[in-house]
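You are given structure tokens for the same protein chain in two forms, set apart as structure 1 and structure 2.
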Structure 1
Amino acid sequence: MMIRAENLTKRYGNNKVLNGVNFNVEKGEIYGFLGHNGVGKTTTMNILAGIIGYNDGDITLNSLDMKNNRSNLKGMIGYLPEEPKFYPYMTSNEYLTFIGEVLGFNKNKIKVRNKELLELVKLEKSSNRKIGGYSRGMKQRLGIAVSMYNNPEILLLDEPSSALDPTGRKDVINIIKNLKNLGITVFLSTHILSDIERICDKVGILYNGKIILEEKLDMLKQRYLHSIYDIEFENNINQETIDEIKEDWIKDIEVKDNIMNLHVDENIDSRDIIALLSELNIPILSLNLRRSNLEDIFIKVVNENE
């Protein structure tokens, strides 16, 4: 196991931000760490990065206990905060050279490493431009390069695609995919669920200071994903109409005003839905089939825990 947290607790005064958090990340995984803003994702990332301490629990990184091996773990972890800071008057090449010098690399090694990283994050053509003129997406990519400089085994990414335009997000996601190919374990904190679906192997949902769900993404989809029929009725839906729709293959019914969301088994044909609705003798304006996604799962799991 590359990262293991057991009963992790963090308090700020009387406020318990993390209340017995448990998660496991295997070597080479991209782990999606999910949760609403303000639930403690960044606090957890800062703890894993060794920036802040914690009150109780245990953290193990690559079989090393964090409390007793801080010096041995420094070179193993790379960290990209949500808003990385740079010297805007430097070029990306100059900034990476500065990082290499801080880490004690010689000039030849710095030159080689800069080239590798700038190619990895697709900034080689902009390497001599001032960072102050970079877009937010370019700065995020440079931040990934900085966090990767010392060849870490574990990379912590805190909201790496937050506030980026679609092109910037796509660039960052593609880079993270490439990191997996390099065998790097990625711990990715985000609230953008579509990004998780595209790249993650496992997800953990943080809520009220605890992990309320942790599962491989493919298994999660098998367990939770199903077909949803969005039905628009002419008039608002009453309880009597809901009570009339009773079938074993209906997993869930959600209603708001004149819209009904009918969650059904995967093997149910649209003809079954039409036959069921026709028995109601109620005017229907539209019927639309869609697949549930990770956002549906997230909302369902959080609602169950509330």
Structure 2
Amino acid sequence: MMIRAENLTKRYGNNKVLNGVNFNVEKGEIYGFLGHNGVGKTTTMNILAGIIGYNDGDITLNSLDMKNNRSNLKGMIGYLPEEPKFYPYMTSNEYLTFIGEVLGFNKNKIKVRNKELLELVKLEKSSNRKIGGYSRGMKQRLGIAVSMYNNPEILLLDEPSSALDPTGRKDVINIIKNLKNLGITVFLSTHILSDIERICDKVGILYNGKIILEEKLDMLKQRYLHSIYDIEFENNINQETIDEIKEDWIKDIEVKDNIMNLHVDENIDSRDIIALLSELNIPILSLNLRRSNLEDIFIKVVNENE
């Protein structure tokens, strides 16, 4: 177990931001930490990074207890804040050198490491330009390089792709994918679900100060995903037609004018649907299979916990 949080609580005055948060992250896993804006994701990340304290609960990182090892742990964790802030008058090469010096590396090691990291995040060409002139995406990539400096086993990435344009996002996602090959455990917070679908192994959903769902992504999909068929009829559908449909593999029927959404079991395919439709004997215009995605699951889980 690489990261374990038990009953984590954080209060600001009377305002309980985190109210007993539990999660477990295995070694080498990419963990997607989901939640709306302002739900406490950044607070959790800051606590894990050792930047702010917490009121109650236990955190174990790499089998070291956070309370007693806060300063030791800082060097073992890489942290990319939501909006990484650098000294704008430095170039990225100078900033990496600065971090290397803070970490106590010697000159040669710093030189080698800077080159490696700038290559990893593809900033070699801009390494001698001032950071103040960088785009958001470049700053984010530099932030990843900085967080990787000390070869951490755990990487905390707070909304790494949220504020970026599509190309910038794609670059960042690809870099994170590469991290997985390096065997680094990544704890990634985001509210962009498509990113999680692309890279994460496991997701946890934070809502109202608690983790309301934590599951492997493939298990989650199996459990929550069932196919939806969108059927467009020529005329509006009346209630009698709906009543005629009684098959038990149909989970739910939604109707609006001439469009019907059928929620069906996973093992049902189009042949069954067509057989059903031919029985109804009404003209249809189109039949489409729609797979529900993580977004639907997220909304569903949050609604269940409302």
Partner chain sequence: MNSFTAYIKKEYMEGIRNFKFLIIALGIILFALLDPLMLKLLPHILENQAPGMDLSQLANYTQEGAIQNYMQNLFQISNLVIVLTLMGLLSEEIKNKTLIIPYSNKVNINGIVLAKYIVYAGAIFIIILIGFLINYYYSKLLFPEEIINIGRVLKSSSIFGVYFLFNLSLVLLMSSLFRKSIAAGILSLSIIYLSPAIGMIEKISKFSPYYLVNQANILSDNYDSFLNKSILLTFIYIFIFIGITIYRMNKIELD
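For clarity, a rigid core is taken as the largest C-alpha set superposing within 1.5 Å between two forms. Keep in mind it's a predicted model, so treat the numbers as computed, not measured. Here, residue number means position along structure 1's sequence, counting from 1.
In this comparison the chain labelled structure 1 is the form predicted on its own, and the other chain is not. Comparing the forms between structures 1 and 2 on their rigid core, the Cα displacement of D65 stays under 2 Å. With a cut-off of 2 Å and the rigid core superposed, I47 has a Cα displacement that falls short of the cut-off between structures 1 and 2. After superposition on the rigid core, the Cα atom of N281 is displaced by 2 Å or more between structures 1 and 2. Per-residue C-alpha deviation between structures 1 and 2, core superposed: D248, 2.5 Å. Superposing the two forms on their core, we find that the Cα atom of I259 is displaced by 6.3 Å between structures 1 and 2.
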